[in-house]
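Taken one at a time, structure 1 and structure 2 that follow are two forms of one protein chain, written as structure tokens.
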Structure 1
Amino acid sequence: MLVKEWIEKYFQALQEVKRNIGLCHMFITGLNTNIDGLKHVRGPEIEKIVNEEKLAEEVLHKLNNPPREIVTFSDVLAGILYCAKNGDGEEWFIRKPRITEMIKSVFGYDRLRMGGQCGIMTNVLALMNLKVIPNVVELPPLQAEQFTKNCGEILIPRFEGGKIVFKKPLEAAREEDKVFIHWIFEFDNQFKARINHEIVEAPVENRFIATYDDENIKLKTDPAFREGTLKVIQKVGRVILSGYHMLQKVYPDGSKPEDYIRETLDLINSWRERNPEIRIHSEIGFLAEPDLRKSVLDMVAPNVDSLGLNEDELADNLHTLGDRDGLAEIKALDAPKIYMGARKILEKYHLPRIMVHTREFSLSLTTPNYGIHPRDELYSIMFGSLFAATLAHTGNFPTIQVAEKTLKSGELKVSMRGMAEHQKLAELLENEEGYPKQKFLEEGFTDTEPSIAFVPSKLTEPKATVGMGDTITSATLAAQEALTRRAKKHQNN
């Protein structure tokens, strides 16, 4: 397809989903919700802090030997520089609570926003006027204020008089609950810092996250959330679970991460018993510890219908599974290698669907068991990609109306790199699997098993990067729900 043809297809996808979004059933989101403190950092600012604190040598050592956890303030600085240097986005856990006070004192934040995959996806879905039940273990008023108020219906289950009731976030807030602020240090591709003899330049925009959170690391679910979701599960179309990346290798009380994973699997099984038709998606997230990655994959993947991850997470998980082929190419966004890597995970765990989202493009593999037509899958990913691009362009999570206005403005550009990778994947499929290259290039999807859907991203000069993966995921799944319901409606007529 040419650029103008991709643009036209984006409009088609948006209109098709927009017409049918009202068919969606309820959504459940879990498991991690917190508050993000966003701070845009620039090279000179980091240079100044490093020099004032006399931490240059210490930071340089950690820059080249990343600890991937935060015990001292120099670890925070090293984490920012490491992610900037490599253009990566990582999350390191703060082991000493006093570090959070140091971060607040030295950096502060530009603004507060809803955080955690569960929280972000809840807001994205609500902005489409959908009904969502999120898991929120701690809900102080400051956290409740981060939920969107003017769109959709966000329902927080609570016990009252021995019964489950559903409340709006501000009505369900509790003054005594803990406040968890995760620090998001964003940088753009103009970031440049000199630390002694070494110059750190960011090739692309991204972010570094410093997290202190003693509740979400155990994948806790609120008791009322468990009871409330079981009560209404037959009205639910899709469940989105995330937060597994917050698991720790060691817990002070001697518990193991596998213990907490099993608790979530028990809940999944309870949902499925009451509603076999629901579709459950899980986002993997970044896990630095290989053993934890293996546990999450081995335990979660066989129990969900769909798995989502970015290129770095795909490479890391393949490495953990003992597959070393093409990992550098995957991280460099080589579409054929990403396709082959995703297919290995799909087949190993007998997944109905897997999706890989990157800055330049997204692709998914779906089997007939997932129950969606390949064209509807393509449109769903395009809808999600548009929402993520609109977030980047405006700096805010969008409504359908804002996404449509942004698309019509012409300010979003189709990724030329994404189109080039589409061409490379089409050539691989023709040469290796005999699928007509031109057919894949013209349609954007295959009618093979598994079917492949490929979407070059819409790009812009970003005002925000945090939450783009969560946005494309939740918007894609909402579109899937809408188009699947539309297809069933037509079948029954």
Structure 2
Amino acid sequence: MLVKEWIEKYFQALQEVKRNIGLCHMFITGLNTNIDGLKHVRGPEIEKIVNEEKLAEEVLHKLNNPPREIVTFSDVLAGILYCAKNGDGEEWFIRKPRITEMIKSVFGYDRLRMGGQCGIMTNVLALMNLKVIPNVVELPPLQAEQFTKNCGEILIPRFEGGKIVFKKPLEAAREEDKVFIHWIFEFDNQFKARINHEIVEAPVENRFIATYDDENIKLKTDPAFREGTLKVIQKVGRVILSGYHMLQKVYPDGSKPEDYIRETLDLINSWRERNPEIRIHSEIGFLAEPDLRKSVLDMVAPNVDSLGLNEDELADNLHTLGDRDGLAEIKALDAPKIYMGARKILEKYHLPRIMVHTREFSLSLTTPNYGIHPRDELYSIMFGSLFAATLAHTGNFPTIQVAEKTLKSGELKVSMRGMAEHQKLAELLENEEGYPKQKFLEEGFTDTEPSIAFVPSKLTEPKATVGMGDTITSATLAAQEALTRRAKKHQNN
């Protein structure tokens, strides 16, 4: 397909979804919702704090031996500098509550925003005018204010007089609930700090997250959320679950991460018993601990219909499963290797669907069990990619109207690298599986089992990086819901 034809297809995908979005049933989102405190950091500011607190030696030592958790204030500074130096985006957990107070007084924040995969995806879905029931364990007014207002319907289940009622976030808020702020330190590619003799320069923009949270790390679900979702599950089309990456290897109270995973699986089973038609997607997220990664994959993958990850998470998970070949190529965005890696996970866990999203392209593998036509699947991931590109371009979570305007502006460019990888994948499929190369190149999907859908991303100078994965995922799932409902309607007519 030529660039011009891809642009045309992007328009078709958008129109198809826009026309049918009203057919969507309700969504359930879980599991992690929090507040993000965003702070843009610059080199001189960090230098000053390091010098004033006399922490240069300690910070330099930690820069070369990253603790990957926060016990003292120097760990926060080391985390920021470590991510800046490597252009990485890591999240370290704060082990001592007083560090949160120190961050608040030393750094503060520029602005607050919705945080956590569940929270962000809820807002993205609501901006499409959809109905969503999110899991929010702690809902102080400050958290409630982060939810999208005036668009869609965000429903918080609450017990009242022994019965379940659904409320708007601000009406459901509880003054006494805990406030969880995750500190997001954003830096740009101009970041430069001198710590004693060492100069730390950021090659690209990214962020370091310092997280204090003692509920989301246990995958807690609100009791009214459990009851409420079971009550209305017949009206639900899709469920999106993330947050498993918040799990810890050990907990001070001796509980095990597997216990918490099991509790979520019990809830999944109860939903399915009452509505076998629902489709459940899970985003895996970045888990540093190999043992934990294996537990999540082994326990969650067989219980969901669809799994989503980026290229790094795919490589890490394959490594955990004992697969050591081609991981560097996967991280370097080689589409044939990504396809083969994703296929291994799909087959190992008998998954109906798997999706890999990267900066340059996204691809998915779908079996007939998932119940979507391959063309609709392609349109869905295109719609998701467009939403992520619009977020990057505008710096805000988009509505369908804003996504359309951005697409029309012609400012988003089709990724050339993505197109080249499409070509490579088409060659592999022809040589190894006898699938006509030209057909896949022209259509963007195959009608094999599993079917493959491939889309080169739309690129821009990014104004935002946080929430890109959450946006592509939730917008893709919304598009799937709209297009499968449209297909069912036609079948019944």
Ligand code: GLC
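All figures in this text were calculated on a predicted structure; none of them were measured in a lab. Reference numbering: structure 1, starting with residue 1. Between two forms, the rigid core is the largest collection of C-alphas that superpose within 1.5 Å.
Structure 2, rather than structure 1, originates from the form predicted together with this ligand. Superposed on the core, the two forms barely differ at His393: its CA moves less than 2 Å between structure 1 and structure 2. A displacement of 2 angstroms or greater separates the C-alpha positions of Phe208 between structure 1 and structure 2, with the rigid core held in common. Relative to the superposed core, Glu443 undergoes a Cα shift smaller than 2 Å between structure 1 and structure 2. At Ala56, the distance the Cα travels between structure 1 and structure 2 is 5.2 Å after the core is superposed.
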